[in-house]
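Quick heads-up: it's one chain on its own, the form predicted alone, in structure tokens.
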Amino acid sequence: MPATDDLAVVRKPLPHDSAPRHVTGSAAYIDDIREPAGTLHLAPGYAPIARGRITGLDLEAVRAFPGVVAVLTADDIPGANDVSPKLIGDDPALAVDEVRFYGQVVFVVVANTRDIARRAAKKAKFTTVAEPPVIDLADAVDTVLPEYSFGRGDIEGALAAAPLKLEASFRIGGQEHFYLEGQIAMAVPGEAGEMFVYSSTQHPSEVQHLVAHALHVPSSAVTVEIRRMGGGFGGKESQASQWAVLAALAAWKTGRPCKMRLDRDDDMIMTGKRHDFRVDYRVGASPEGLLEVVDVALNARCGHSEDLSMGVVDRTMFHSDNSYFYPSCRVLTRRLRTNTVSNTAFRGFGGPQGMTFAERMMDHVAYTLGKDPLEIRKANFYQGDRDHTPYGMKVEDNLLQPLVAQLEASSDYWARREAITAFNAESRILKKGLALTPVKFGISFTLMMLNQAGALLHLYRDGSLNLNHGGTEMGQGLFLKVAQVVAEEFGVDMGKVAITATRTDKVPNTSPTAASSGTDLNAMAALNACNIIKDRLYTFIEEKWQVRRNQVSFRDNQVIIGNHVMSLAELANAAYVERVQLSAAGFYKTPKIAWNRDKAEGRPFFYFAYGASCSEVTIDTMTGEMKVDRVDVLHDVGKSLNPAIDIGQIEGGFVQGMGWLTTEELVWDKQGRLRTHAPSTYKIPAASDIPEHFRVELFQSEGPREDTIFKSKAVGEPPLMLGISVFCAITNAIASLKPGVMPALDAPATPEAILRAVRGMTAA
């Protein structure tokens, strides 16, 4: 990497590489790809129950429907009938006999048009024996994985000795991904049994793996490509596989290209959500509010299968401390099986739920003691020798105190606190609340093998570069950032770097684009490829011109070789003539990390990203309505690779987190049917929900102590947890009704939830 104070492309606020095509409609998503001649379309069919047995299935009317080409069931799958991550074996592509949630796919219709396929699917006649479904966490007994815990100290002894003892339970709701582009895949059969699959997926290699197993062919016979997704947010990490497998199965059976695009209602019914939790906790603290012991049980609704619940709920545990030191603690998790769709990855991957608990607990201590919650938060920050997490990792790069202090001053927190106290004293119905909450988020996959990435880079004779890597673009600007690194390394303008679609036949064995590690991993792999090619060029230059490499620089679209200047094209052509290889496969694996889950020890994260947000709200205690009045955010991204992209990610992450905790409510009825399965019943934040004062700033630092790409930090997931400040501000407004009492507020804080909490305060 060049000297960090002499950068031409990196750290510049460049626009998203596809921005003009996004706004003009020319950015091609999978549904925009010109369909090959003879393309068929798929639609799913499912039983009208959430739990029970299928004793009869009559598909004759479906097959006879005009325009239907085939109807496929599990009997048509030549290989593994399983779309679970890592082939766990508990999630069939097409259900057989047993139904475990409402919307579980039993058959697919293959027809000349999508409309025909959907209409035909409704003609199926099921005979079933229904059983009462287990929907609510309170009714769940079975688990998808064994209980798991870690911690330290004598919990019961510390609780008995603590001057202040508190305990409570509350709910944290799930969240629908609501990506703009729904689940979609198109499969095109090859001439010798190969299968080419376009899939809107964050994990092309897993789609390749599962398609190959389903068709009983080697992975080398399956190629998966994705140029861009219209959003993913974790919902296309494991959940995209089923639709790709079914499209490939239909293509294999019919010998024709096949496409499967889910209807929005079906998408919401059939795909997993953020895990919802019931949190039960006990806490012991000093009279000053300093934590002495924390005992928390995190009960997660996982749905009917395991999916990614091991990693998601483990990360909930890892972030149940957020920014606070727990002298003695036990963090216990139960992963409960229910007759609902299997919950899955969602931006933050369980971390937001853990942090919401930590901030709820800080509020509980503060309101009980009659103190401002910010005082309690700051007193319990990691600092000094209070620097080890509940899982034993030392916090070495702590930015909590300077970052929070800066936001505390820039948001004018204490003056506003006084003004809000005065307002609440005079206002009988409307109440204001204010909260400043921190974020400490660990960066790395906690499944160690995923912390690796590859890249393929070609330098052509005209000086242009072709870049491919294992990361996927879902609107977050990953491709642009990685291309900026390549352009910087070769000293060329961005127009010289071609950004190409992610393909499993170019870069194999890729990790999912998740865990906020997309840029950290793939940009480092691309940098490695740059260095390999440049090293060959340096050697060539030394031999041809007798100029040492420390006298060579790539900048300003030129290559400066001692006192001689040439274009990159001239150098590349000269190297080609001398048979120098101008292509390289780069690779990177994250150093220093390790995690032994059985022993609950190690260093699961390469570094931590930090942030803080200050939110002010007004609630109506008569209706439960809530308005966000002001938001101030200060976030740590190290030395940003692209400030414009990073600020956009912070803004979007905050709003998504705010929506999860305020308006986005998932509701199932007693029959196990999702009732909030469309925009008419499921409410994401709208433009009118964003306050006029919404200030986002990047925290200025020297970057992480670790060797990250150009000293930057991840930005994908950490900002989502900044939205917790809105939930805490609502709690603060309700708490003003009765000093000394903690409001019983569940998330999301919908008007109904706010009213319940208000009534609880006035009745107490």
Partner chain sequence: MRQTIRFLRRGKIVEVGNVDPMTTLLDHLRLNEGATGTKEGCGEGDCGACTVAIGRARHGKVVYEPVNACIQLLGMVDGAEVVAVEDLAEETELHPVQAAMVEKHGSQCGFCTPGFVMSIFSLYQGTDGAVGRDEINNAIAGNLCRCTGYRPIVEAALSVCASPRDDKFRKATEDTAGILNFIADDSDIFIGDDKRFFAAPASIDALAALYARHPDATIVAGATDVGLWITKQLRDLPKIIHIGRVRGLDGVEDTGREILIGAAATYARVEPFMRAIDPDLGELFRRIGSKQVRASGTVGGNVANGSPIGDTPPALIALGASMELRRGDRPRVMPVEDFYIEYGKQNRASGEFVTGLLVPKLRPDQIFRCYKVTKRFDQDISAVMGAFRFTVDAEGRIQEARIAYGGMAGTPKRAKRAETALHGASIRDTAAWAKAFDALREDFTPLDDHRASASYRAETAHALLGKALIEAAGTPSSRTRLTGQREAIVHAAE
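Residue numbers count along the first chain shown, from 1. Computed from a predicted structure; not experimentally measured.
FYI, the form predicted together with the partner chain isn't displayed, but the following is about it.
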*4.5 angstroms heavy atom contact with the partner chain in the predicted bound form for T663*: yes
*Contact test in the predicted bound form: Q175 vs the partner chain, heavy atoms, 4.5 Å*: yes
*Verify the contact flag for Q649: yes if a non-hydrogen atom of it lies within 4.5 Å of a non-hydrogen atom of the partner chain in the predicted bound form, no if not.*
yes
*With heavy atoms only and a cut-off of 4.5 Å, decide whether G740 touches the partner chain in the predicted bound form.*
no
*Candidate stretches 572-580, 619-627, 516-524, 71-79, one within 4.5 Å of the partner chain in the predicted bound form by heavy atom*: 619-627
_S464, N557, T143, T681 - the one with a heavy atom within 4.5 Å of the partner chain in the predicted bound form_ = T681
*Tell me, out of F445, Y326, Y391, F233, which residue has a non-hydrogen atom within 4.5 angstroms of the partner chain in the predicted bound form.*
F233
_the partner chain in the predicted bound form: contacted by all of D136, L308 and V715, heavy atom 4.5 Å_ = no
_Within 316-347, the residues that have a heavy atom no more than 4.5 Å from the partner chain in the predicted bound form_ = F346
